[in-house]
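Single chain ahead, by itself, as structure tokens, in the form predicted on its own.
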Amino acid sequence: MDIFHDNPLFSGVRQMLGAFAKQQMRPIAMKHDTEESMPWDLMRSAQALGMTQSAMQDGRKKLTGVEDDPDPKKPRTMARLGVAASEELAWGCAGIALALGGSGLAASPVSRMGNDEQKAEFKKLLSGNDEHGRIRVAAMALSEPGTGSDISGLKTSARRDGDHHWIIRGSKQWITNGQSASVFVVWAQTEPDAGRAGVRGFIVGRGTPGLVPGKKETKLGIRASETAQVHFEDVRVHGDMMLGVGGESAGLADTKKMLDSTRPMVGAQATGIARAAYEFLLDRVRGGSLHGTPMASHQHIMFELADMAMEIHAARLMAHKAAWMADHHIENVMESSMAKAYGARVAQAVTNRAMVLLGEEALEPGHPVEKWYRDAKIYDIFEGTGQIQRRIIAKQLTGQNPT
């Protein structure tokens, strides 16, 4: 069976989101990149296409009108739809794509680990408008200044306060939607001696006393997506808002499985950036000349384009394969890390070569290739650095963690 064979569902999603990216994202991409501002108006209009802030929790029906079979053993389509959508939206603008889907980072653990009451509370906190009249967004509060990729070293703590509450204390950094979120999924250490096994997630509403959104970060790329610090100064949370209690899923140990579904989407976003730069260059070559002859007749230029096309095609197939495995309940630890790491490498390589071939033109601020070049770098850092992905792949190959 050809797992990459096209079908009307995926084709329709790609066409719809491709048109949305071209007609609504591209025209405003540079404005929000320059201003480092969230595209609030576009985020509101995107909801009409099913891109709600709780779309990952709601399932594919929000986007396609069709639900997956409820039988958990049967194949699903969410990971593959996510990969197809991610590439198209990142082709439009990676920063805006992250602004549109940033709440999904928080919605994913709630969907996977939360009970019915927690899911309902999460959606309630996302309903309506915030105090500024904007749609409400969510934030996944995980990263910290001193931990990097070593999640077992989280310093944010949660200690019991009586029989039914927890007190959260600590600071988070580089949090998507950190300054504007109406609801946070906060990860804290409940048992200092337990390492990763003691880390738990809590649903915390914005108005909770002690929750203080901090400084918004100025970034190299993906500037239309807000990144900020968040501080938790003795935030009191009811125990009912701890994720994973009484179920098979608990803590960060279960997020590994979640990442096996989301990392292919990150690889697909990187592929979308690479495709944008490649297509810009291809259009220039088709109509341009060099030293009085068509650019398409110059071997060194065409070989570069051929390499880009091969790398983008390979990155896309890797992301789709990893997503297909996730949807079919097949372990894809290695494949998801490969898709993420390779997609990031391709995005950086393609945008870098496009900058070189275009020369001084692409160095000007406001040039689309200059923007894509800046956007590409983060894909080798977030959702697990390239080094972390290679460590995961190596362990799958040999059974041992490289030191």
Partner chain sequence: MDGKLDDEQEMIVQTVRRFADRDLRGWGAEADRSGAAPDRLTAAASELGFFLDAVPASADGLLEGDYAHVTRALRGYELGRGCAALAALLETNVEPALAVGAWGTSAAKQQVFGALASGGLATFGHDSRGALEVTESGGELRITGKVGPLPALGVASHLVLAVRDALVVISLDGVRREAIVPSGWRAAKWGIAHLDGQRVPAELVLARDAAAVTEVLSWARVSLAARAAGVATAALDHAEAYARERVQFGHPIGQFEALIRLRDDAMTSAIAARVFALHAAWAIDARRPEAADLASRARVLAGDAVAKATVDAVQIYGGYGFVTDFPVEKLMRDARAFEALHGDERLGRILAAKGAK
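Positions refer to the first chain, counted from 1. Given the structure is predicted, the values throughout are model-derived calculations rather than measurements.
If you look for the form predicted in complex with its partner chain, you will not find it shown, but the lines that follow are about it.
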Report summary line: Among M38, I28, M355, M334, just one has a heavy atom within 4.5 Å of its partner chain in the model of the complex, namely M355
Report summary line: Picking from K73, H291, H164, R286, the single residue whose non-hydrogen atoms come within 4.5 angstroms of its partner chain in the model of the complex is H291
Query raised in the report: Only one of 106 to 114, 268 to 276, 124 to 132, 213 to 221 gets a heavy atom within 4.5 Å of its partner chain in the model of the complex; which is it?
Result: 213 to 221
Query raised in the report: For F280, is any heavy atom within 4.5 Å of its partner chain in the model of the complex, or not?
Result: no
**Report entry** Touches its partner chain in the model of the complex: G386 (any heavy atom, 4.5 Å)
**Finding:** yes
Query raised in the report: Just to confirm, T190 within 4.5 Å of its partner chain in the model of the complex by heavy atoms?
Result: no
**Report entry** is_contact(M241, its partner chain) in the model of the complex, heavy atom dist at most 4.5 Å
**Finding:** no
Query raised in the report: In sequence order, which positions of 156 to 189 have a non-hydrogen atom within 4.5 Å of its partner chain in the model of the complex?
Result: Q173, W174
